[in-house]
Ligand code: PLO
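What follows is a single chain, given as structure tokens, in the form predicted on its own.
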Amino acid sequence: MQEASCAALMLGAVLAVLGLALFSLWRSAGGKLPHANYPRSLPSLPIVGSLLHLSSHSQPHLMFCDLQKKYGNLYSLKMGSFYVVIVNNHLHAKEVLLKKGKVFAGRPRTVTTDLLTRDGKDIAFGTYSPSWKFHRKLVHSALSMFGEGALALEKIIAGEAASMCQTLTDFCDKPLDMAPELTRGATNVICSLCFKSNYKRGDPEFESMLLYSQGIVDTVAKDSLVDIFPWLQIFPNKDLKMLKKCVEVRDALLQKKYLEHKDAYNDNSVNDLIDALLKAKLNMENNNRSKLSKEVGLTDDHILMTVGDIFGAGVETTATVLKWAVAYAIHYPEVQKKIQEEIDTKIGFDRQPSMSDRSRLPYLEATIREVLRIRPVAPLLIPHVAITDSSIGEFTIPKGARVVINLWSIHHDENEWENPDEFDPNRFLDENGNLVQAPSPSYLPFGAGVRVCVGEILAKMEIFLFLAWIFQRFTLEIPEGHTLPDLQGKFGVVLQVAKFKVKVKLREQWKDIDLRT
């Protein structure tokens, strides 16, 4: 009896340990608690999860939009072993982003984002932590470090707008790909903030930057197979190889700028973001707080990744919106004409647009907002991760679940937007032509809450000023023999615009005016 009792106890202990191990595996794979109300799920198989039910020729944001018709506004699926919740409704999105922002402030770790950010040592892909909060606060400070704040930023942007307009004048009436010029303008604004430098047209370093940026956009955070099944990285992978090469080029540039700043650093002269981060790092080290410096992430790696993050995200998002705005202006010449008439009436021809004109140009502002609605920069916001067990609406969401906000679906919701697939700036204006803040609460172009885009204010300034300067002086048309821009877009970290050529025509009123003034 005693031997039988001992055997029973040992068996019980083994079963208990086995049970705990299985529970741990189950939790890490997005397991579910009994008696909880989980979102309706796509069918799932061992190992592959729901992947066989996600095979579609549609881009991910469109595919998730289609699945909404069958599974509802909130549903779940398995990406391999990862439990993923898709949010297609603005009420649920605001619960995730605002009401429970900190609960869902985590970020998933993936092979491609880890390569890009040195294991999450940045802001966009870094998970919610003291280090993340510290760096985000420093970046906020850097955006206003110029003393005059917004006025200094406006001066930088206006200088780049003037340079862009001169380049466009040099290419008047010739087929031109405006994308590199729009990107260079956005790049130079961020360069002024990060490095206190800029690039001229054709600069080899800038051309190299364009190539590596495109490679990163094409390969990062697209739920590729290597991100779903990390063990696949042991096999040859073309995209992974390209990403590593692009990151090496980027890191070499960042390292060069960082070392230059270290050599020239003066504690009494903080001129840009790198200086601000260096000052914080040196202050902690000089005060014998090196341990705290490591805890909040003031290592060289963290500084480089934070700068790289602001540099990459700040350029790609703004340049992408500008490209979409140009594409839609060519598709809708009546919209472009109305913007020009508004600028002519409210500003005239004897001065350039400024930020103080923003309230005077409601139709231009409405057009920008409509571009951001109909073609959101990131149609699927960077996935969030539940830091603890929680809920969305009536549904239980387990700790570790990845939550994807389908901004495309939210911005094209027929219950919120009349004729959502039509481009119509007037939806952001009242009957008197005055700007309305948002005709629907489902308008979330920059996200919201603790994870809202850190450069939102800067991006809005750039988009407004660049477009106001361009439309004040030029009319954009499709060159003879060319087709209209494709408005479908290519899914990636941002929704990319397919290449197209533009015919830039100097407006009659500006032909006798020196554009260099």
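Residues carry their position along the shown sequence, with the first being 1. This one's a predicted model, so the numbers in the text were calculated from it and none came from an experiment.
Note that the form predicted in complex with this ligand isn't included here; everything after this is about it.
In terms of contact with this ligand in the predicted bound form, the residue from D272, E316, D223, E160 that brings a heavy atom within 4.5 Å is E316. Here is the short version: of L193, L116, V85, L364, the single residue with a heavy atom within 4.5 Å of this ligand in the predicted bound form is L116. If you check this ligand in the predicted bound form, you find a heavy atom from every one of F125, Y212 and V377 within 4.5 Å.
Proximity of E181 to this ligand in the predicted bound form falls outside the 4.5 Å heavy atom cutoff. Contact check for E370: no non-hydrogen atom falls within 4.5 Å of this ligand in the predicted bound form. Residue contact with this ligand in the predicted bound form: E95 places no heavy atom within 4.5 Å of it. Among heavy atoms of V493, some come within 4.5 Å of this ligand in the predicted bound form. Figure note: of the listed segments 425-433, 378-386, 133-141, 258-266, the one touching this ligand in the predicted bound form, with heavy atoms no more than 4.5 Å away, is 378-386.
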